[in-house]
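As structure tokens, one chain now follows by itself in the form predicted alone.
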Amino acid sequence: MKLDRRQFLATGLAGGATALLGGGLARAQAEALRIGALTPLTGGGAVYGTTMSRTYTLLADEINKVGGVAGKPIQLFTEDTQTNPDAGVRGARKLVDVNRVHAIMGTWSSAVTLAVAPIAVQARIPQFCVSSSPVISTFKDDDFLYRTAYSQAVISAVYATTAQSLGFKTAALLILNNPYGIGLGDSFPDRFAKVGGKVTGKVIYNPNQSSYRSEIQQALAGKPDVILFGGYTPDGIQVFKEWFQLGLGGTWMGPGFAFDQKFIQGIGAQAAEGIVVVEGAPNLAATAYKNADKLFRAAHNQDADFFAAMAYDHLMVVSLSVLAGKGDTSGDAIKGQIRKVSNPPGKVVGTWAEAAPLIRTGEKVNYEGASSSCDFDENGDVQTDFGVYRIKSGKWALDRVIKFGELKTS
């Protein structure tokens, strides 16, 4: 069942109420663990933002039913970034100034994440994002900005390795004019050169154009073997249709959040055949992923994808950090516990049921996440594995999994 924005926000508010009241935990707002779910419910990232927002509700309900976090119910406040930095800033200001949240989660699109980050840093509350710009790693955040997605500096190495394995010698880049696209355009040429490849063209485009014909022709003037697309689904549909009409050659490669099912439906399964898709791979063996998938399948009758897995990790990490801090919900207290509950050493855990009893007795835990190990480095980044797919008969078909340790990222 598809929900329009009004219906989704209504169910989101209901979910927030459930998250507060579940298990008889009706308490004053000041006593709750207040979480801001700042995701795109409309715009280019809507399908992923909706998935993340639903996952926050599902996990909050599960934790609240067994007593909440150190006796505090999780209360969710949902805002729509509209996949737009200005809307993201407005939502963040409301979450911080009105709802007085203890953490912000779910910012999608590097432009949105980087616009919201100064607000979170000033408020001294953790922000968890699923954005990929390399700038996020070096942002002056006083250790309040955390990323569960890959950096473009890392996925560029995956693209280069994949292109080499498929026998592609030359590549062109068609990339969006935003921090995500620019980061990809800056990092891929060097990675591709290290495996013997050559970039024959790089064109930066602006979104929402009536036509991309000129940009396509300019990027593909060198007749590349593969075209690396660094944009989102709506632009991708139009770009691909115009490329097809021009009768130009080459194989397309890009991220899963651009070449998703909406993209395939938009251009047709036959036209999409053979496109190379690269996306972060969930941590399938972890109990965290198995629980996230169980929750999501029960509620929505579909598997938890990489973005649902990341959302599960956001809320688990913050909840475990508050529990380890004996209920302290201040931003400084939360960030002080994040690596203590997520990084080794410690007893490996993936669910609230596994972790909470151990933390209450003072045992060190190592949260193994649904999307990755969730071992945060000094920049707040994690190491993710990747799935490489080919589109076949209108669906992604897994070709191989590339482990982070296999990559040469420097």
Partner chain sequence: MIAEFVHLTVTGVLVASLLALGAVGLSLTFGVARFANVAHPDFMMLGAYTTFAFNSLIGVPLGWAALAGIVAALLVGVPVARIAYDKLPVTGTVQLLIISIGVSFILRHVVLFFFGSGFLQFAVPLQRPYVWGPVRLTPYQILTLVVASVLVLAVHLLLSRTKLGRILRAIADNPVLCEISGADVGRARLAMWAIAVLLASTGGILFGLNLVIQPNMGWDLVIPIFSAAILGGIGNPYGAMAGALVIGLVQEWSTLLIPSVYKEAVAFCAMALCLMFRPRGLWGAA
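Numbering follows the first chain given and starts at 1. No experiment lies behind these values; they were computed from the predicted model shown. The term rigid core refers to the maximal set of C-alpha atoms that superpose within 1.5 Å between the two forms.
Not on display, but discussed next: the form predicted in complex with the partner chain.
Of the candidates Leu166, Val195, Leu284, Ala271, Ala271 is the one whose heavy atoms come within 4.5 Å of the partner chain in the predicted bound form; the others do not. Only one of Asp225, Asp293, Asp260, Glu215 comes within 4.5 Å of the partner chain in the predicted bound form through a heavy atom, and that residue is Glu215. Using a 4.5 Å cutoff between non-hydrogen atoms, Val203 counts as a contact of the partner chain in the predicted bound form. Though the partner is left out of this view, Lys241 does reach within 4.5 Å of the partner chain in the predicted bound form, counting heavy atoms only. The partner chain in the predicted bound form comes within 4.5 Å of no heavy atom belonging to Gln302.
Contact check for Ile338: every heavy atom lies farther than 4.5 Å from the partner chain in the predicted bound form.
Look at 204-212, 68-76, 312-320, 147-155: in the predicted bound form, residues with non-hydrogen atoms within 4.5 angstroms of the partner chain sit in 204-212.
For the stretch 115-147, the set of residues having any non-hydrogen atom within 4.5 angstroms of the partner chain in the predicted bound form is empty. After superposition on the rigid core, the Cα atom of Tyr205 is displaced by 2 Å or more between this form and the one not shown. Relative to the superposed rigid core, Gly250 undergoes a CA displacement of at least 2 Å between this form and the one not shown. After superposition on the rigid core, the Cα of Val278 moves by less than 2 Å between this form and the one not shown.
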